[in-house]
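Here you get one chain, nothing else, as C-alpha cells; it is the form predicted alone.
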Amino acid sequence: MRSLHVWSLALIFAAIGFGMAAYKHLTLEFPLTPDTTYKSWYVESRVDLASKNPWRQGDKPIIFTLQLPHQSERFVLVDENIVARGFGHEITESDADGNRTAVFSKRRMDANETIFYRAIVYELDSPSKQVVAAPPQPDSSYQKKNRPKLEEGEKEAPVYVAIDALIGEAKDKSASTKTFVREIYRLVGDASDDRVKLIRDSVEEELTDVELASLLLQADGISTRIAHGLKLSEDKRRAGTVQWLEVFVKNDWVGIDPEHRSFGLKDKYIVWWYGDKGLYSVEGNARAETMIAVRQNTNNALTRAIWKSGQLADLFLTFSFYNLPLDAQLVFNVLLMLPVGGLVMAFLRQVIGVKTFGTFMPVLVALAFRETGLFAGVLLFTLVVILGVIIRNYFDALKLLLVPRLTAVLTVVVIVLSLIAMITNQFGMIVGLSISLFPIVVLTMTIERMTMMWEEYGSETAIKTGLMSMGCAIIAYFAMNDETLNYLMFAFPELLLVVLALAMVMGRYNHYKLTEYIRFRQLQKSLAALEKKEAEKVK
C-alpha cells in the first residue's frame, strides 16, 4: 500500500511537471535549449519630404499619411518607433479598410525633412488563430443587380458581356469556390484574350491581374480584398511592395500566392495595407519619396517566448523567475541546481552504492567548484583536507575535547585557505573570492570524519571513501554545471516536481546496489569454485 502510494504521488508529480513544461514549450514557445534562436525582421520606412516651392504666407500645412504594417496570425509587431523631428504625429488604428496609418503634420516646412518608421517583426512558429468577422457582401457596380436597366431591345454593354463570359467560362471549368478563383486567375493572366482586353480598356485606371481578378470575383458576389505587403526573404535596402489577392472562403480570408497563384501564401509575406490606396499620401506644399528597407536579425528564442507570454497575460510568466530582480535571478539560478545535485547523489549512493563523507558534502563541494573551476577546486579540496587531517591528528595527540577540537580544525582550515589566497595572489592568480565560497564547515566535518574513519577502519578505507567523495563531487559538478540543464531548471522550474518524483521513486528502491551486486557475484563464484573442489575430493 505504501509503495502504491509513493508511486502514485511520484506519477502525479511527474505528470504535472512534464505537463506544465510541455505547455510552456508548445504553447508559449519556450525553447528547450538556451542557444535556440529565431529570425526576426527589422523593417524601416524612410520618407524624404521636400518643398515644392518656397514657403509663403497662407500655404496649407503639410499633412503626410503613411500606411503601417499589420499584425497577422504569423507575424507580430513587437516594437515600433517613429522619428519625425519637428512633426506632430498620431497613429490611427483602423480606417475603412482596417488599415493602421500614421499621420504627420507640420505648419511650415522650409527645408527637406526625413521621417523614419521602424518596427521589429516576430515570426511565430505556431500561428495564433484569430476570429475573423465576415465582411459585408460585395456591392460592385459590375454585379448584375447593380447594372443599368436595359430598355426593351437594348443590348448589354460590351464590358458586362465580357465579364459574364469570363465568369461563365470559369464556372464551367470549376467545381468549388477555390477552383473558380483559380480559373479566374488563369483567365485574367491571358493578355491575348479579347474579353480581358475589353475590360481593361473600359475602366479608367490601369488594372493589374490581381485587381482584375478582384473585379470579376466581386462581380460574382465573392468577397475579396487586395493586400499590399513585403516579402520577408532576404535583406533589402529598397524592398518593393507586393500585391496579392485575399478571398473570403469558409469564414476565413485566404491569400493567393502572388508568384505561384495558388491558395495559401508560400513565402513569408507581411501585410502592410489593404485596399486601393497608395503607401502614402501628402497634402500641402511638399512632395515625398519613400524607401522601405528590410533586414533579418537573429534573436534568442527565449526573448520571443517571454514577449508572447506577456501578450497572453499568461500565469506562467506572472509567476516566473524572469520577473524577479536580476540579483535574485542569479541566486535562484544556483539554488535550483541543488536538487539536481542531490538527485545525482541519491542515485550514486542508493543505486550505485558509493560511500561518501556526509550525504550532501559532495554537492556543496561541487557548488564551490562552480566558482573555483574544477581543476583548481580539486587541488584546493585535496590540499586542505590533507593538511587538515595532519593537523587534526596532532590535535588528537593533545587530547582535546570534541567541540574545541572542531573549532581548532575550523580555524586551521580558514588559515590554510587565507594563506592559499595570499600566496596565489603573489603569482597573479586571483582566487580569493572563489575560496571564500568554499564550504568551510563542510570541509571541517570532512576532515573530522576522515580522521575518525582512519582510526576505526584504517587508512585504506578512509582514503578510498575520500576518493569516492571527490569522484561524486566531480560528477555532481558536471551535472550542476551543465548549461542546458541550468537553463531547463530556470526556464521550466516545474521540472522540480519531476526531480521530486524521481527522488521518491529512488527512496523506495531497496534492492541490491550495484557495488553489492558485484561483490556478492564474486562471492557466489568463489562458493561455486569451493563446492566444485569439494565435489572433486569426494570423488
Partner chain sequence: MLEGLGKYKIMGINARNRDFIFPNNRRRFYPLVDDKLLTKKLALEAGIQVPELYGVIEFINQAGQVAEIAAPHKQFVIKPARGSGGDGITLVKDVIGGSFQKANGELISAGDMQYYITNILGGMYSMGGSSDKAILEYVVQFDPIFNEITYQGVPDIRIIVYKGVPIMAMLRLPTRKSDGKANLHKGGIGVGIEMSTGSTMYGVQGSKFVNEHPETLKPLAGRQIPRWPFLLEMASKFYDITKLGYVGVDIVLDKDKGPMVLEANARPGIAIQIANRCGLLSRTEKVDAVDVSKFTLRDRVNFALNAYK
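Positions refer to the first chain, counted from 1. Basically, rigid core = biggest C-alpha set you can superpose within 1.5 Å across the two forms. All of these numbers come straight from a predicted model, not from anything done at the bench.
Missing here is the form predicted together with its partner chain; even so, the following discussion is about that form.
Only one of the listed residues (R85, K250, R238, K399) places a non-hydrogen atom within 4.5 angstroms of its partner chain in the predicted bound form, and that residue is K399. Just one of L124, L198, M452, M291 comes within 4.5 Å of its partner chain in the predicted bound form, counting any heavy atom, and that one is M452.
Taking the partner from elsewhere, K231 is found to have every heavy atom lying beyond 4.5 Å of its partner chain in the predicted bound form. In the predicted bound form, R519 approaches its partner chain with a heavy atom inside 4.5 Å. Within 4.5 Å of any heavy atom of its partner chain in the predicted bound form lies no heavy atom of K52. Shown alone here, K106 lies farther than 4.5 Å from its partner chain in the predicted bound form, counting heavy atoms only. Heavy atoms within 4.5 Å of its partner chain in the predicted bound form are found in exactly one of 402-410, 209-217, 185-193, 291-299, that being 402-410.
Although its partner chain is not shown here, in the predicted bound form the stretch 457-494 places heavy atoms of just one residue, Y457, within 4.5 Å of it. Superposed on the core, the two forms barely differ at R74: its CA moves less than 2 Å between this form and the one not shown.
In the core-superposed comparison between this form and the one not shown, K399 has its Cα shifted by at least 2 Å. Residue displacement note: R182 has its CA displaced by under 2 Å between this form and the one not shown (rigid core superposed).
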